[in-house]
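Read the single chain below, which is given as structure tokens and is the form predicted on its own.
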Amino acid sequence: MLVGGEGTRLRPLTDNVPKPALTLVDRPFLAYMVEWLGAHGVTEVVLACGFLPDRLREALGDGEHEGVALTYVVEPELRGTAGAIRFAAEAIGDRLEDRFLTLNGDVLTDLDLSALLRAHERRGARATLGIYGVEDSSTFGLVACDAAGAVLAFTEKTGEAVPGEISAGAYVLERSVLDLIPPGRKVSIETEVFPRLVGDGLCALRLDGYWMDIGTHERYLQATWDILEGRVETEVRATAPGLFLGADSAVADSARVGPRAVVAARCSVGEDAEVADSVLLAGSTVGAGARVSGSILAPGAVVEPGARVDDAIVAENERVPAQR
């Protein structure tokens, strides 16, 4: 699993926390991915780390998560998607099987990985991409396939809001694909490896279900509501429709929280405060009479009494004073 990026589009949330370790509703985002993999029979996940690897380890812990063994491999420098795969493969040596999954570590999804593995084996492919249909492909590259699922071509981002099929960031690879990745340097699997496999064992399978790249503030919020409103299969249980209240959170009786909101552990919402369509991460505070709408409060953030925050992100341990 590729988890080495800096998550620049999610700053300031990712200034001091790698994107996969960000809390999504009630757990680190990466926990959702590990649990999804475990549901499809995966027993070990190798995490190809780069940015703030110690924070990632703190978030998920050592050893295992929900019965899935975890191995952390830290790149000496960022090596791109393919370079990270080769580096991680070399790090674990003979434990790498002849066929393995590779996943981008920034996608919330419940797609059927078991179907992807079956299609790969049935076709005798060298690499099989999970692809996903979208209505607006303007910010994604498109994948063109023939009727049998063989990949014909890749089209880079066009900026046009047209429907199409994009890479879902989930691949089944044969170990021989590693031979196409030069060692010791930055290599992109999307632009340097997969194009070389077109016509030489590169296949794709369209997968249906839920899929969301959480790499922007808007998508982070949307993924939160999709979890709480049951659009993605997870173990999260809302405390009320569209609402999640964490352990030891303190919400005043006169406060108005919802219709969609996450108030994480050890948060405080004061008298007559309002919180709507917002995420309050651990230990954040909304003072009496304050209003928070369409926003994210990073851990330890404080919205002082009477202050107003609309469509914004308040960084870790920052304070928002009331306007005078």
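Start at 1 with the first residue shown and count on from there. These figures come from a predicted structure and were not determined experimentally.
FYI, the form predicted in complex with guanosine-5'-triphosphate (GTP) isn't displayed, but the following is about it.
From the list 154-162, 248-256, 74-82, 230-238, the contact stretch for guanosine-5'-triphosphate (GTP) in the model of the complex under a 4.5 Å heavy atom rule is 74-82. Listed residues Ala48, Ala298, Val263, Val34 were compared with guanosine-5'-triphosphate (GTP) in the model of the complex; Ala48 is the one with a heavy atom within 4.5 Å. In the model of the complex, guanosine-5'-triphosphate (GTP) sits beyond 4.5 Å of every heavy atom of Asn317.
At a distance threshold of 4.5 angstroms between non-hydrogen atoms, Ser167 is out of contact with guanosine-5'-triphosphate (GTP) in the model of the complex.
Shown alone here, Gly105 lies within 4.5 Å of guanosine-5'-triphosphate (GTP) in the model of the complex, counting heavy atoms only.
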